[in-house]
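First, one chain by itself: the form predicted on its own, in structure tokens.
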Amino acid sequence: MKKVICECGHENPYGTELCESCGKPLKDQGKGLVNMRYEGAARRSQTYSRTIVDKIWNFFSSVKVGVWIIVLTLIASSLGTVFPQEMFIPPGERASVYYQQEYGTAGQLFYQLGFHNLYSSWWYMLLVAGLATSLIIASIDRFFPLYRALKNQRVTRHPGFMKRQRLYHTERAGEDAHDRLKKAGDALREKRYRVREENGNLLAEKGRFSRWGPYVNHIGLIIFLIGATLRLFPEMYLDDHIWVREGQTVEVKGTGGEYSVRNEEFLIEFYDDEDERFINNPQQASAVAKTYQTTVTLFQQTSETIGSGVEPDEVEQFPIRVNNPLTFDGFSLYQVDFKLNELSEFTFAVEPEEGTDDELYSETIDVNLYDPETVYEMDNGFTVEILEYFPNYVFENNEPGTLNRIPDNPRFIVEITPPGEEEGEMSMVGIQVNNPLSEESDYRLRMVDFDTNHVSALAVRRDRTIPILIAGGIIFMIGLVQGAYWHHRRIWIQERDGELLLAGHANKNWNALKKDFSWLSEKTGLPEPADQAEKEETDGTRDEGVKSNHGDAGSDKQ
């Protein structure tokens, strides 16, 4: 598009409504007030619409589109709060089962629609990306034309620009006009206006930085959205958990094997029956945990020793309690849950199917429920082979299976081979379960003892996005304060062809500008300009130019 050359000689981009230099209206805007929205500068979204790039740009630069994206994002975000997200359900629970058991049909629908991991879903991230794109394009589309127009503005403005400002007055210039202009400049400087002079004319400006508040606000939002998006990357954000049994050493997730912790001891204290909190229900006191902690030892292996079989170095021993985490190398371990008296070991003995043989009964095997061996050979010649192990047995779709690896309901399919025999007898063994699976069964595996231990759940958290989120929030608040508590005011005073012209513009808070004119009138004797918007409203002749002029206060914001 060809540039528009004003009579003052300034080259304006195609689509400019007011000359960036002298302010002359370049388009017929009727008899109403001049359109001061973005200083009448040419915006790409209002000028180009031919190519697909132009159409995409125009779509995302629209304030209405941005508002709709925000509304859709808020609605989607609220849907994710109907039930807890998967990361907040009890550790070890399967999401496919938990939501249906806890919340019924609504919970099952919540899970099937994928709302249990809503904030990391592709369509939610698409909304966030759309919001960020809208903020970036809308800001670029408005900021650079506005910045260029304000930077290029001259002190001496076109009479058509002056006459069509909201606050305007003209009178015959007297012989003392030059002195009054000089006196006005000194007074406005006293009022902390930035005063520029050109050919005896005067431009006093104050609070221009407030015009950039909405764009600073947008920058803060964009940084905040970037921080939120980075939470999808494990290196930036981790929120997981580990179960550590007493005496067990477990690798800390997300550390690549560098760190591990050993549960030295788990302690729990319950409320006393006489506690005043349970005065109406003392029986409940012994079931409510007052405090619990896990004393752990943290180990570290260097990059040279990982996988080499070298014993890791002990870093420290620390008692982890609720709200008192162990913090190291950007990671934090929180005490979040516990499980008392979890099954850890079964003791079995082989005995005849009918009657009891003391010699056989005295021979036992100990089966570790966390990591059972495949074959157990007994001193009396019997061999017990574990064919299948189901730590948390469940029978679904006519097939045996396990809900998880936690031994809450352990079942074994075993084969017992007597001394000297080549073929054994199969059976299923568990808690109060001993079912033969062979046609003929002379022996059975009987559980004679069991052992338990306490298990502690530790949350593993790392969040490297916090500084980004804080920076985005601070920048957002700076922009909010910058645009809300200050406003851009300009006063033009010119002597032209024997006339004295006064005009003023504010992007909002016109009363403050009127008070400044009143103060200036008291100081210098200059007349106060009339509010042409009020006059046009009274006459019923207000047109779109007036509306756009009033709308300038919020037009820089999306």
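From 1 onward, residues are counted along the sequence shown. Computed from a prediction, not measured in an experiment: that's the story for all the values here.
The same protein also exists as the form predicted in complex with a small molecule; that form is not shown, yet it is the one meant from here on.
Engineer: Only one of A457, L480, A228, V195 gets a heavy atom within 4.5 Å of the small molecule in the predicted complex. Which one?
Structural biologist: Here the answer is residue option L480.
Engineer: So the small molecule isn't shown here. In the predicted complex, which residue out of K508, R44, R496, K514 has a non-hydrogen atom within 4.5 Å of it?
Structural biologist: Looking at K508, R44, R496, K514 one by one, just K508 meets the 4.5 Å heavy-atom criterion.
Engineer: Please tell me whether the candidate spot formed by H241, G330 and I466 is one where all three residues come within 4.5 Å of the small molecule in the predicted complex (heavy atoms).
Structural biologist: Checking in the predicted complex: none of H241, G330 and I466 is within 4.5 Å of the small molecule.
Engineer: So, R164 and the small molecule: in the predicted complex, are they within 4.5 Å at any heavy atom pair?
Structural biologist: Close contact is absent here: in the predicted complex, R164 is far from the small molecule, nothing within 4.5 Å, heavy atoms only.
Engineer: Quick one: is L202 in contact with the small molecule in the predicted complex, heavy atoms, 4.5 Å cut-off?
Structural biologist: Result no; L202 lies far from the small molecule in the predicted complex.
Engineer: Using the partner position in the predicted complex, report whether R37 sits within 4.5 Å of the small molecule, counting heavy atoms only.
Structural biologist: Output for R37 is yes: heavy atoms within 4.5 Å of the small molecule.
Engineer: Answer yes if any heavy atom of F60 is within 4.5 Å of a heavy atom of the small molecule in the predicted complex; otherwise answer no.
Structural biologist: Within the cut-off, so yes.
Engineer: Considering the small molecule in the predicted complex, find the one stretch among 409-417, 207-215, 312-320, 185-193 with heavy atoms no farther than 4.5 Å from it.
Structural biologist: In the other structure, the partner sits against 207-215.
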